[in-house]
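A lone chain, given as structure tokens: the form predicted on its own.
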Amino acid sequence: MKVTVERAELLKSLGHVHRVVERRNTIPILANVLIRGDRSKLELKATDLDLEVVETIAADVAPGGSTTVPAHMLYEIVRKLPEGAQIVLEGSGDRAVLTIRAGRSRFTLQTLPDSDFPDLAAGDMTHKFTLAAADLKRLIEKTQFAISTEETRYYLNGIYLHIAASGNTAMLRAVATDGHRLAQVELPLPAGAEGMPGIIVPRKTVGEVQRLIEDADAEVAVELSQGKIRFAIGAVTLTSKLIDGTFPDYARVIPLGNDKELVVDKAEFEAAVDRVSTVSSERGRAVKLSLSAGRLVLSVTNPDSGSATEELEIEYDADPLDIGFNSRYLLDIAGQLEGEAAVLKLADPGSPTLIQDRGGASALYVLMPMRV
């Protein structure tokens, strides 16, 4: 096998595929990237057995062939080669090595046979639809922060993608929760998604898809079945197993009868929460919101370091209320709001609070209070 390829092209492609490869592997072949040269194309493929990324780039190939080399090492070599370099990858069948040449640099890497490289068989994909890259990115960005990292509750370790009704309209809805906060965002159901099963897309897959979306104007082809999902973004195809579990009935957590409405300038609120939380303890992180007519007092008391208060003008005309939240969670949600005004719908100090943009119904957030 002999392949000549532009450094910029190879680096970009390796940047996409090498991230899937885990740093520590008990199975040696999983630390490698599969390189396959054929005519005028070079295919790169990496997997961790749950997730597989394949990308094809233009290259000068003569003769063709395939091999596997350590993914992270190859990426680092290409990254450190000078810009504009032409890279020649040369593998000989009789010796288990791949030679990498560029200018005066020469590297020789140990290889493993490509026949040992696992294939993530996708099987039959039952549903297929396309999404604007910007829409998919928004679905991910608005919910990703609320994905649980608790391995025991594995069914919460991803984004739940499913069909939901909003009035008489069918919507594609993404939901994530870690038990403390919940994020929900939806968009009109794309053509072809009708009848799709509710699926849980794993956290790692979600992160990789988000990073692969480099052009917001592009289209993303999505194919899915009961056990797998595939995203085709330009020259990159990502296939992933889905989480085999049942997502909880999240609708029960979303409060419907919260009658106390607080409207506050989002930027002011975010900055004030950030300032007063400076004195909070790493463990506690609690910030207290004291509401009265037209006035909000944010306060933090840390027995070890001191206290902080800040007052904001707000729109609020219900009964006075004191409620506490985890300041980091509050900042995470505030950071997702797109409008100038944030609306908090509250009930009492022990019940979940609903947070939305003013007049924005496509995204909503639920936050559980803390004792303060």
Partner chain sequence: MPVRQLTEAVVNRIAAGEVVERPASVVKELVENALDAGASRIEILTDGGGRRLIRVTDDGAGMTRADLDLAVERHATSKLADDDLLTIRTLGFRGEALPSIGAVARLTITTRHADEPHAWTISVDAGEKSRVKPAALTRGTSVEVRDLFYATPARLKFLKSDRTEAEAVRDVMRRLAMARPEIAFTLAGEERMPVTWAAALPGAPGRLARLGDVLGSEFRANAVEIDIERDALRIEGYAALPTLTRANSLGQYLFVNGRPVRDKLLAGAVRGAYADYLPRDRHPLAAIFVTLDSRDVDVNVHPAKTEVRFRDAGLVRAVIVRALQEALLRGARRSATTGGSATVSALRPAPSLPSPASGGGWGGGRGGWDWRSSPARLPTSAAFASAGLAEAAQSVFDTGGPQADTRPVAADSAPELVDRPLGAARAQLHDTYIVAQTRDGLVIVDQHAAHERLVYERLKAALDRDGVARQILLIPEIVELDEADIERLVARADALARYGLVIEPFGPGAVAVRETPSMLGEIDAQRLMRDLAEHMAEWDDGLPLERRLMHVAATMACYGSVRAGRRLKPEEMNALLREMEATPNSGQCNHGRPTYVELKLSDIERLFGRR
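Positions refer to the first chain, counted from 1. Just so we're clear, the structure is a prediction, and the values are computed from it rather than from any experiment.
We do not show the form predicted together with its partner chain, though everything after this point is about it.
Let me know the one among 118, 195, 179, 188 whose heavy atoms come within 4.5 Å of its partner chain in the predicted bound form, would you?
For this set of options, the contacting one is 179.
Even though its partner chain is not shown here, does residue 326 get within 4.5 Å of it in the predicted bound form, heavy atoms only?
Looking in the predicted bound form, residue contacts with its partner chain include residue 326, since a heavy atom lies within 4.5 Å.
Looking in the predicted bound form, any heavy atom of residue 360 within 4.5 Å of its partner chain?
No, no contact at 4.5 Å.
Looking at the partner-bound form in the predicted bound form, is residue 150 within 4.5 Å of its partner chain by any heavy atom?
Contact check for residue 150: yes, within 4.5 Å of its partner chain in the predicted bound form.
Does its partner chain get within 4.5 angstroms of any non-hydrogen atom of residue 253 in the predicted bound form?
Contact with its partner chain, yes.
With its partner chain left out here, work out from 62 to 70, 49 to 57, 300 to 308, 35 to 43 which stretch has heavy atoms within 4.5 Å of it in the predicted bound form.
Stretch with heavy atoms near the partner: 300 to 308.
Do all of 248, 352 and 368 end up near its partner chain in the predicted bound form, with near meaning a heavy atom within 4.5 Å?
Yes.
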